[in-house]
Structure formats: C-alpha cells, structure tokens
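One chain comes next, on its own, written out as structure tokens in the form predicted alone.
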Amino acid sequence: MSRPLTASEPLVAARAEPVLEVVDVVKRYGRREALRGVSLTASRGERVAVIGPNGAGKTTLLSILAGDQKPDEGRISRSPSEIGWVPQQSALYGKLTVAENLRLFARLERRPDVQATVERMLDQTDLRDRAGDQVGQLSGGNRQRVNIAIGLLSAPAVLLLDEPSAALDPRQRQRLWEFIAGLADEGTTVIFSTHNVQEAERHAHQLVVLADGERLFGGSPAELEAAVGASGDFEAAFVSFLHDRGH
C-alpha cells in the first residue's frame, strides 16, 4: 500500500527551501485568459496536486512549466531543461521494446552516456524485467511507468505529470501512486494534475485549486477540508466550494 501522509509532512515541506517558484503566471489566448496570475511554491520531495474542473487551466499551467508554451506574464524560477514533463498523451513507440524506447529518447535528449541512462531508468522505475518487452504489449500501468521514465531521463529536480492515472484500473493506479511516492521520497518534486479530488487528497502534500484560470486555494489537504467544510462526502463539499465561488 502507498505510504500514508503524516500530519507533519505539509508543514515540513512548507519550511523547506523552495525547489520551484511560480509567480503570477498569466496566459492569454486572444481575449481569453487561460491563467490569471497563478502562483505556487514547491519544495524538494513534495507532491503537489493541481486540481479543478475541465477548462480550469491545469494542463496549460503544466505545459508552461515544461516549456511547451510561454507565459504572457509572470516568473518561473527554473528553466524547462530542469523540469521533466510527462503529458497525458504518451509518445511511446509500441513496436519497440522498453529498452529501445528509453535508448531512443535518451539519444533525443542528448544524454552523455545513453546506455548508462537506460540502465539507471530500468532500475529506478523497476522495469528491468520488462526491458525486452514490446511497449504495446505492456499493461497500462507499466506503459505509464515507461512514460514517466522518459520524463526522468535528465534526472530533473521537478517532474510534471498530467493526469497520470486517468486510464488505469484501481490496482494499476495504486501501484502507480506507490511508485510516485517512492520518487518523491528520493527527493524528486512531483507536480501532477488530476480530476480526481479524492486521489489528490490522498496522495498530495499540497493542493492547488484552479477554476477558469484563477487560483482559488493553495494548501494542505487538511486545510482544504476545513475550507470546504467537508464532514462526510469530500467530493460533494468540493463541488459546493467551487459553486459558492462562481465556478
């Protein structure tokens, strides 16, 4: 089972030196503001969930941090070269093996020692026994591990995951979150987007709530529970929280 968060973890993370600072990021598409002055701070080994309804700006924010898009305003403390990016739609080659995919992307990333990088990724993602398997024959959970391995090729300080568990069954999701928790325990800061509020509450140290490009909340799961007044059904209380703020 995934290691449960302790009550002190969010406080410890908050006191640590920030690994990533995002300050007042704005993104416009014509007259529409997809992000309106969004800020967040993440510490080493912290798991940060970006949650909110469809169209909230979650993927836009992550793609800006990854360097796929440029903000119109705001400041980001790290360059995209220091941030790993795992989009929801994977770019894996199904007819290639796990090792061949890793080798290909390591070359595209211009890693100085391609084979050493592949070996490191097979160990770090616990895929060594799948190295010779075609990616197209893997389970959804193992394909997502390969996808994450590609995001980790450059050993980034920060890893971005866009809806990492969206297509997985409950057992695969549990194993994936155990893996992500292990990455964070080893010092990687993980920022992920999700529609699943309860999943975010369970697996994140910090929650950032977006709606219509606006940040409505930033804090620990316990602090969000207090803000939404959840006494039973957290998801229903969260929907009411959004509604009361005009979303």
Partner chain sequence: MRWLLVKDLQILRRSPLLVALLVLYPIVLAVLIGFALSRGPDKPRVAVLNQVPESGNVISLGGEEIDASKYSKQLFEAVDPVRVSSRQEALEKVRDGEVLAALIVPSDLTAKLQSAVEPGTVEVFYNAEDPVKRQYVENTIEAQVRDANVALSRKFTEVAVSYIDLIVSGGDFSFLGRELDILGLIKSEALLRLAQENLPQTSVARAQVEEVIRFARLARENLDLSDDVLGSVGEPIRVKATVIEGGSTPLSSFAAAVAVTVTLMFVTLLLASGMLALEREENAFRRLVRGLVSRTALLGEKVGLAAACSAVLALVMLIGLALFIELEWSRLPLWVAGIVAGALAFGAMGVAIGAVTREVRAASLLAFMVSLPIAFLALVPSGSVSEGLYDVTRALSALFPFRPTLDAMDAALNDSGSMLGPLLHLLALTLGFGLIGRLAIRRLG
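Model, not experiment: these values are computed from the prediction. Positions refer to the first chain, counted from 1.
Although it is not shown, the form predicted in complex with its partner chain is what the next lines describe.
Query raised in the report: Which one, 116, 155, 167, 91, lies within 4.5 Å of its partner chain in the predicted bound form by heavy atoms?
Result: Checking each option against its partner chain in the predicted bound form, the one that comes within 4.5 Å is 91.
Query raised in the report: From the list 220, 63, 43, 196, which entry has a heavy atom within 4.5 Å of its partner chain in the predicted bound form?
Result: The residue from 220, 63, 43, 196 that makes the contact is 63.
**Report entry** Stretch in contact in the predicted bound form with its partner chain, which is absent here, among 64-72, 32-40, 212-220, 185-193 (heavy atoms within 4.5 Å)
**Finding:** Careful reading of the contacts points to 64-72.
Query raised in the report: Any of the heavy atoms of residue 95 lying within 4.5 Å of its partner chain in the predicted bound form?
Result: Yes, residue 95 lies within 4.5 Å of its partner chain in the predicted bound form.
Query raised in the report: Would residue 163 sit within 4.5 Å of its partner chain in the predicted bound form, counting heavy atoms only?
Result: Outside the cut-off, so no.
Report task. Please run the contact check for residue 105 against its partner chain in the predicted bound form: heavy atoms, 4.5 angstroms, yes or no? Result -> Yes - in the predicted bound form, heavy atoms of residue 105 and its partner chain come within 4.5 Å of each other.
Query raised in the report: Is there any non-hydrogen atom of residue 86 lying within 4.5 Å of its partner chain in the predicted bound form?
Result: Residue 86 belongs to the contact set for its partner chain.
Query raised in the report: Do heavy atoms from each of 128, 142 and 178 fall within 4.5 Å of its partner chain in the predicted bound form?
Result: Judged in the predicted bound form, none of 128, 142 and 178 sits within 4.5 Å of its partner chain.
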